[in-house]
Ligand SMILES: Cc1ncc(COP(=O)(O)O)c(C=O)c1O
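Presented as structure tokens, the chain that follows is alone, the form predicted alone.
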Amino acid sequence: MSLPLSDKQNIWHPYTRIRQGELNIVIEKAEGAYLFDSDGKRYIDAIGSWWVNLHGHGHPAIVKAIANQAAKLDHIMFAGFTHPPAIKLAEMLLEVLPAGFSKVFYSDNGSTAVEIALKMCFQYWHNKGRMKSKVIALENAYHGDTFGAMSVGGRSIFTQAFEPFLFDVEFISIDDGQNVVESFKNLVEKGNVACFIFEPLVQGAAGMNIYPAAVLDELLSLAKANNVLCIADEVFTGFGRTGKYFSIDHLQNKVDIICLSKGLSGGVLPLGATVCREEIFQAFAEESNLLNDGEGLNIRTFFHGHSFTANPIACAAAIASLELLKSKECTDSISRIEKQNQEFVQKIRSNSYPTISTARCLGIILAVEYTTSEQTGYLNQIRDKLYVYFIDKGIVLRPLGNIVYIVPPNCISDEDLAFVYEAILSFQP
């Protein structure tokens, strides 16, 4: 049996409609910004393998770090034990994150990083003896596919089958101008809001919706004034995607918790991290005025963990990736891609392209919306035609309905960027 047929018979793929006859492309190797299928065809990985790959596939520094660590220590449980890669990575993260963060809690992926952040907030208030259970989130948000993460995500086809099981959340529209500030103010002044969670500056799955830092800063200011914890979900936007280390680096106000994954390991191995301020950690560590379960047992402990928490090999990959991210070569590449994205968006805005309705960018993130008679959004039927069009041209893009976007590895060449741009302009519905 061929590999595609065996795949079809035995594997259930994520976010993929189950249809007869369709076969998945078998990728046998990858190098730099390229993927190669079993027939030898080369594809430009223009979305960083679903927003994760930072430096290109098979980067020698990351490969070497993984091999060295695998030969020394593959895995050890992280309760009661620790290891050098986890310690060093935590130190490096706290060095590049804005001031105020103090503790790193490791996990496996973005959804669990968000789940942990929510649980931290709820138990923080519980440990303080205050019942604050309401959450504020943004409309059209996407924070992951576990139940807590789905609950704080916008209600959509993603969550439709599970809505009876999701907890209640107050959603506000970040695109609602000054009205969003008033709506937020009215909610936080009620005193029962535990936390505010958001994707800073870019809502990825919502179609790369880019919104102003000034609006978010106003909301954060109101949250602080009303004792509401703030969670920045940087699973997608972290590690240089918006032109800075983190999207919150564009802000004036600070957050309490940040969720990291995807690019954390350079996009090579599963790894997540939820990083919080010392005040939050201390609510779980205080020895005075202990809450108890009625039998005198301390229940401040954060009862959360994963079998592969802080996997040493994944941490080693992340250390190598962070070292690369801090290099001049990498920062120059991010600036180079950012500049070309800006020029491309300006080209679209300055000329008439009947097939394109709008374009936007931030850092290395670029989004282009195609003109269509259908409603803009994930279910727009033009998506399948766009996907096949770009695959035929040797470009891996995963359109969000009528919206195509690029989030390429930092190593992508100017020539390959130009080729992707030209393909975007040449598409005819």
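Note that the coordinates shown come from a computational prediction; the quantities given were computed from them, not determined experimentally. Start at 1 and count along the sequence shown; that's the residue number.
Below, we turn to the form predicted together with the named molecule, even though it does not appear here.
Checking 109, 226, 123, 159 against the named molecule in the predicted bound form, a heavy atom within 4.5 Å turns up for just one residue: 109.
Only one of 268, 235, 316, 310 lies close to the named molecule in the predicted bound form, with a heavy atom inside 4.5 Å, and it is 235. Segments offered: 98-106, 178-186, 274-282, 227-235. Contacting the named molecule in the predicted bound form at heavy atom distances within 4.5 Å is 227-235. Proximity of residue 262 to the named molecule in the predicted bound form: non-hydrogen atoms within 4.5 Å are present. Within 4.5 Å of some heavy atom of the named molecule in the predicted bound form lies at least one heavy atom of residue 51. Within 4.5 Å of some heavy atom of the named molecule in the predicted bound form lies at least one heavy atom of residue 143. Taking a 4.5 Å heavy atom cutoff to the named molecule in the predicted bound form, the one contacting residue in 188-203 is 199.
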